[in-house]
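Heads up, the chain below is alone and in the form predicted alone; it's given as structure tokens.
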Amino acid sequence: MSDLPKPEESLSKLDHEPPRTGWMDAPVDIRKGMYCYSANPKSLNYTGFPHAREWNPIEDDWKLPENWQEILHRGFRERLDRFRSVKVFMDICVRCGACADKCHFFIGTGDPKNMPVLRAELLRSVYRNDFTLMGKILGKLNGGRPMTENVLKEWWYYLFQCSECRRCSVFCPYGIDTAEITIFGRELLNLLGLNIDWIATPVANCYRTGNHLGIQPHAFKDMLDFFVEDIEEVVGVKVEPEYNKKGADILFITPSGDVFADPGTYTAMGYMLLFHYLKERYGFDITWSTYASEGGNFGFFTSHETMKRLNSKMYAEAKRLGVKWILGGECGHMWRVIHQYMDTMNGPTDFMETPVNPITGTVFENAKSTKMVHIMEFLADLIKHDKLELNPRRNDHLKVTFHDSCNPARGMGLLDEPRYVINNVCNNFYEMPANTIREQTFCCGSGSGLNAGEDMELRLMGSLPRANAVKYVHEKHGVNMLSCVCAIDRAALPTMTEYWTPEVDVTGVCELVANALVIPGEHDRPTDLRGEDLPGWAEPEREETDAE
């Protein structure tokens, strides 16, 4: 990040004059550092997206098909007829501005077109012009405008400056979900081959190998085998994960980022230690898959059909292996898709059972339909029933805060379980300000396929509100660790903290659990999984009573 301006220089850019022209008259200015590279034609061809070609966003000629306006109009009409919510969202906005200052990208960039209401207005203006009577008659007087190349470029630029986090929807008095408008707009762009590479290539990789990184099954297993060696060196026990085991009780699926990128790798080691503990103590029967080796779903950022196809691979693998239910790792968009879209896309899942914790007997009624349980729900249940031997003193070198990842928090309502787990494995936990957490949590600034390297300025400015809240608890409480339950967060937040709050590191919650977990047969553990000193690795000394 040496070529980026210093944080104080970035902040100074926010102090500027508002635009002096109407938003319709302000031409789009596609700037380096604020956009992702165009999709690789090879990836688009592999996934079956139309009009794959080489094109450059900063060049004038985007090499559009001759009938591109007709394609967009037809796609717009089809979706208006298919999704009632789209037409409702197009019609009911009164432009009150309640959402305007709620978007992290608007706060961070100061660009008016990053206000959710105005970002959606980019599409509404074309809707009014082409699909409403008053728009056809009055045109611009009714807020309508024709679809031109400049408008199309404006769509692409700003629809890929939205992370679909839905914070704006929390504050909308009409319940408009601007993230759905972004998804809708991106679907239309896909019809013209206007995707970004950080989405199209992971989707193509997932079609080809089962995960976003394009890792073959043997390489996936090899990586976990490296973790086995690392765990044995630190803990003194040899964990033995099982792969593709037919007839196992539970299938475990987590994002591939947990297996191949720090600090997610420590989260993956946390899963492995937990499963080893449960197997040794209770005979826990769980398997990993080297084929459905991805919980994340970049189709969520692409189109409903792509989302459906990528989600289906997990259930196809569960059916092939004959498991009872699925346990899911720390992922963001995997859980948004499961919780909000899964039933109507890929259901019913009658070939599996309603999930029951084999150790506590708890029936996860909330997962009766999807047959998939979040690792935080599972852990909270184990802790509540006193099924884990934990020594929270082992995390005393950390002062921890928690980032509510947008999709599990706003999209799933998973708010209390992670906090319950953290408070049982850490002695020093501090909340960020109330208007930055839980349902009102700020986004990491890199979601929905924006966590590339070439759009780093956009990412850092988009993460400013979250970084501000982290800085507050760092300065007030000495917080030095930001925890989360999302693989994209674990990939993106370290970049944010390095830039805005370099004294704070990033972790998954299951890494904290692994630090505190007292493993049967472990040797003295003076370090955590990262090699940092564990101040309380030994068991707390029991104080003698007067009677003794």
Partner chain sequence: MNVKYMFSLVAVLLLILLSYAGAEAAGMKTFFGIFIPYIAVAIFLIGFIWKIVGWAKSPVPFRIPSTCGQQKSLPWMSYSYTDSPYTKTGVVLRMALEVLLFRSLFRNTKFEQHGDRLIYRWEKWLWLFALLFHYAFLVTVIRHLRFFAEPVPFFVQWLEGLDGFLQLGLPGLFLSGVALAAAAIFLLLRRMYLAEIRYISLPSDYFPLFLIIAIAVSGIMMRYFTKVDVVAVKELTLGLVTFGPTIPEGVGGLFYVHMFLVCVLLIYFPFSKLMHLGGVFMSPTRNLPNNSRAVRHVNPWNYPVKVHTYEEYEEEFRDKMVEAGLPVEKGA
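Positions refer to the first chain, counted from 1. The structure presented is a predicted model; accordingly, all values stated were derived computationally and were not measured.
The form predicted in complex with its partner chain is left out here; the points below concern that form.
Just one of F442, F301, W198, W156 comes within 4.5 Å of its partner chain in the predicted complex, counting any heavy atom, and that one is F442. Only one of the listed residues (N129, T290, N451, N428) places a non-hydrogen atom within 4.5 angstroms of its partner chain in the predicted complex, and that residue is T290. Looking at 227 to 235, 394 to 402, 270 to 278, 100 to 108, the stretch with residues near its partner chain in the predicted complex, meaning non-hydrogen atoms within 4.5 angstroms, turns out to be 100 to 108. Contact between D416 and its partner chain in the predicted complex is found at the 4.5 Å heavy atom cutoff. A residue is said to contact a partner when one of its heavy atoms sits within 4.5 Å of a partner heavy atom; W325 fails this definition for its partner chain in the predicted complex, lying far away.
Within 4.5 Å of any heavy atom of its partner chain in the predicted complex lies no heavy atom of E457. In the predicted complex, at least one heavy atom of D81 sits within 4.5 Å of a heavy atom of its partner chain.
Shown without its partner, the chain has S85, K87, V88, F89, D91, I92, C93, V94, R95, C96, G97, A98, A100, D101, K102, F106, I107, P112, M115, V117, L118 in segment 85 to 119 as residues with a non-hydrogen atom within 4.5 angstroms of its partner chain in the predicted complex.
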